[in-house]
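The chain below stands alone, shown as structure tokens; this is the form predicted alone.
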């Protein structure tokens, strides 16, 4: 409670994961975002339609580029510090996939430098993890390897040069205002990310969109400040951003922690599908105090983590999701019945599909069928 009171005066967003933000509407105001309207983009994807994306910055220039078939790029990164992917990362990948299908030149960087600086993962180990798991996982989740340009931070001199130039354009006080604290590893990582986000424009000046979790908002803020100050010499477009909400933990905690207990989270992959089913069965739901009350009033679906996961990730068909919703709020299905009918089967299908595509993607990588750029 005291922690919440401390945060009440000002929202602090920490890309390194120490603080949480619950008030998205307030965040939109404080970070100068706009509330995301899926209607501004053609054929919005599942996450866009279902409210997983809640805010954006300068998305009008991306919508214009799509409409007028002008060049633009989409960029995301891989932090190869873990051998699993946070489930919320799937949302980012789906948004990258969406922009890729709309004609974006697509870049995925392997943040091996940042991983070493902030997580202590050696460069070679980071590269190994990226090749053996992260890149094939991104492909398995929908990215087209033939239309995606991958690169390693440690091997991209243009990125490191841009990071050096960027470091001259932000003062110590400005950095502290954006990130809340100073630490050498944070400073280096932040400026390297500036280099990453602006790097595609060295080849061609064009708008770019960065789909991210809200915890990455400070990076977007700083790169836009730097791009604005470099505009006279480089004529950079200020990068756009699309923000998605946090993914709840299974117990209903506001954010699924990357370092939390295994039983409180679902990640990618989940190889033991029996264990996956057990996790879903123990997940928080919106059940009423008694069966009679739930049959009469229906479930409180906005509190249900299982519904959140199905809506955001597992159930792709809008009609089936609507059916799950209506059977809950009408009291037709109790929580146990809902988990058995929707939660477990659709989660299982999601992971079975991922596992199958992951094997195929690994074969593509082993054959050298991915694009690495410098």
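Residue numbers count along the first chain shown, from 1. In this text, all values refer to a predicted model and were calculated from it rather than measured experimentally.
We do not show the form predicted in complex with another copy of the chain, though everything after this point is about it.
Residue 100 falls outside the set of residues with a heavy atom inside 4.5 Å of another copy of the chain in the predicted bound form. With a 4.5 Å cutoff on heavy atoms, residue 155 counts as touching another copy of the chain in the predicted bound form. At the 4.5 Å threshold, heavy atoms of residue 177 stay clear of another copy of the chain in the predicted bound form, well away from it. Another copy of the chain in the predicted bound form is approached by residue 191, whose closest heavy atom lies within 4.5 angstroms of it. When you look in the predicted bound form, the only residue of 301, 187, 264, 131 with a non-hydrogen atom within 4.5 Å of another copy of the chain is 187. Between the options 290, 274, 296, 168, the residue in contact with another copy of the chain in the predicted bound form by a heavy atom within 4.5 angstroms is 168. Per the 4.5 Å heavy atom criterion, another copy of the chain in the predicted bound form is contacted by stretch 168-176, the sole one of 168-176, 210-218, 139-147, 276-284.
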